[in-house]
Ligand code: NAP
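Just the one chain here, the form predicted on its own, laid out as structure tokens.
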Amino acid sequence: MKTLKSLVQGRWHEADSGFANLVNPSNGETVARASSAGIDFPAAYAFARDTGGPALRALTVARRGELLKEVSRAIHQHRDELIALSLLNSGATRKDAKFDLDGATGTLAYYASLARDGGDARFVSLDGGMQLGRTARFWGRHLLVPRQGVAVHINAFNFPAWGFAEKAAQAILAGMPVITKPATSTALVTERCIEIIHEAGILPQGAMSLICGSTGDLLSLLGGQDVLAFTGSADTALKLRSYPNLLSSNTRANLEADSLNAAVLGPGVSDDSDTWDLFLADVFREMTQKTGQKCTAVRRIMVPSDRLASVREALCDRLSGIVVGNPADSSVNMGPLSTADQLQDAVNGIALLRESAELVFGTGERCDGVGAEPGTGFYMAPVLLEAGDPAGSPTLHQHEVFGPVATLMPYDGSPAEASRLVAMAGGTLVTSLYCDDQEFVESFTAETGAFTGRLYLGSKKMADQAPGSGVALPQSLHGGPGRAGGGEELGGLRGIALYSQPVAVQGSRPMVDKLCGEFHSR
């Protein structure tokens, strides 16, 4: 059985105790084990800060971008191997595994491309400058200077490649070393990605470290120059916020937590329109892709009351085509949930939602999977519920079931009522609206914008280019207010701001411009 290793202080560390097992969710068999026992976390942290940090900061922004491009290529060269590991350890279908891997390499390549015009600049400027005195001789600009600490990344189980890559791309381009800690249950893919990068000798020593297993006392070491970026549950996010040293030193923390994302069908969308087709395709995809284990998945489907029956029928028809089972079987198009705990949480969560909503598709219980021995694996068929009184059912807006589960919610067809239902979740990563009525879109945006991190506007004029509401594009900000964590990442060069100190530089224009260069954040 494979034992996962951690990469600390520039070398691989293999524990000899304290192991947690990684399993194949398609059959429950153990495929690897992981532990961080024996790691000297203060030494690992110091090596990343004192060796990796200076090495990255000494490079131009353009050179850091070149390194990211090499990292993207190295991972892509092992794509088939990594897809196979994803099927083995995550239970992902081949299509879903590609989504994860290609998201990782695509985001790395995108951030590499942003740095192509960096020239000799070691910093990113937020603007082209401004006159501060009677003449332009006294000049000011805002600069992003790399923080001199360590970026600690704690990632979720659902995207073992994309999750680590998108955070690392921003930190490394900014000039900060990374210590990445994947969720132990699906760490097989992440460990192999880091191994590929390390074997290729792409990054400077200390620029990328890996912890497989517990973080030990690592988080208690973080101070004012460090950054913590986390993706996971709201409960864990709350615990992380409460670390005394993080509070006392104002350590930068970016948290992405629970999100009961909403898909809203606007009034007047006919069932023979491109907008209608896009709405159904997106909702179906977001319920079933990665077995619904996505932070951007649709959990609440809001439909004008007079269209509820049509939407219910159309969604149930599409969901009936899902074949749940072992991805090794060619007929399967949705795999298992990732762990036994995830399955049990989903079963319990559906039971809770059923106190406020009616089950209209699926059973909400574990099922046997095609291509798997009866009684093995963590399988669940898609579940669609329907709420009779969504405004009077707070549980539906507060409890996220992290699986192939969504709830239909009727509303009166007004932007005010739709916005009120969206806001009941206390903040989402993404809200999608499918509507061709400009007046409705504007009213909805005005009311809903404060409660979501991204507003995806589906309409007939963009339907043929729509990537789907669940895709976190690196060009756009990813994050959301309130319950969704209150953080933000990506958004092009805006994403490196988390890992940088903004500095207002004032002085003679030639000196300021030479210092800042011509590389601007856009």
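A residue's number is simply how far along the shown sequence it sits, counting from 1. Keep in mind the model is a prediction, meaning the values are calculated, not measured.
The next section is about a form of this same protein that is not shown, the form predicted in complex with the ligand.
Enquirer: Taking heavy atoms only, is Q398 within 4.5 angstroms of the ligand in the predicted complex?
Expert: Taking the distances in the predicted complex, the answer for Q398 is no, it never comes within 4.5 Å of the ligand.
Enquirer: Does at least one non-hydrogen atom of C316 fall within 4.5 angstroms of the ligand in the predicted complex?
Expert: No, C316 sits far enough from the ligand in the predicted complex that none of its heavy atoms falls within 4.5 Å.
Enquirer: Taking 4.5 angstroms as the cut-off for heavy atoms, does S259 touch the ligand in the predicted complex?
Expert: Yes - in the predicted complex, heavy atoms of S259 and the ligand come within 4.5 Å of each other.
Enquirer: Consider R454 of the chain shown here, and say whether it contacts the ligand in the predicted complex, taking contact as heavy atoms within 4.5 Å.
Expert: Taking the distances in the predicted complex, the answer for R454 is no, it never comes within 4.5 Å of the ligand.
Enquirer: Which residue, L278, I154, V324, A357, is the contact with the ligand in the predicted complex, using a 4.5 Å heavy atom cutoff?
Expert: Residue within 4.5 Å of the partner: I154.
Enquirer: Only one of L219, A112, M302, I197 gets a heavy atom within 4.5 Å of the ligand in the predicted complex. Which one?
Expert: None of the others qualify; the residue that does is L219.
Enquirer: The ligand isn't shown here, but in the predicted complex, which of 228-236, 403-411, 376-384, 94-102 has heavy atoms within 4.5 Å of it?
Expert: Correct option: 228-236.
Enquirer: Suppose contact means any heavy atom within 4.5 Å; which members of 115-137 contact the ligand in the predicted complex?
Expert: If the 4.5 Å heavy-atom criterion is applied to the ligand in the predicted complex, 115-137 yields nothing.
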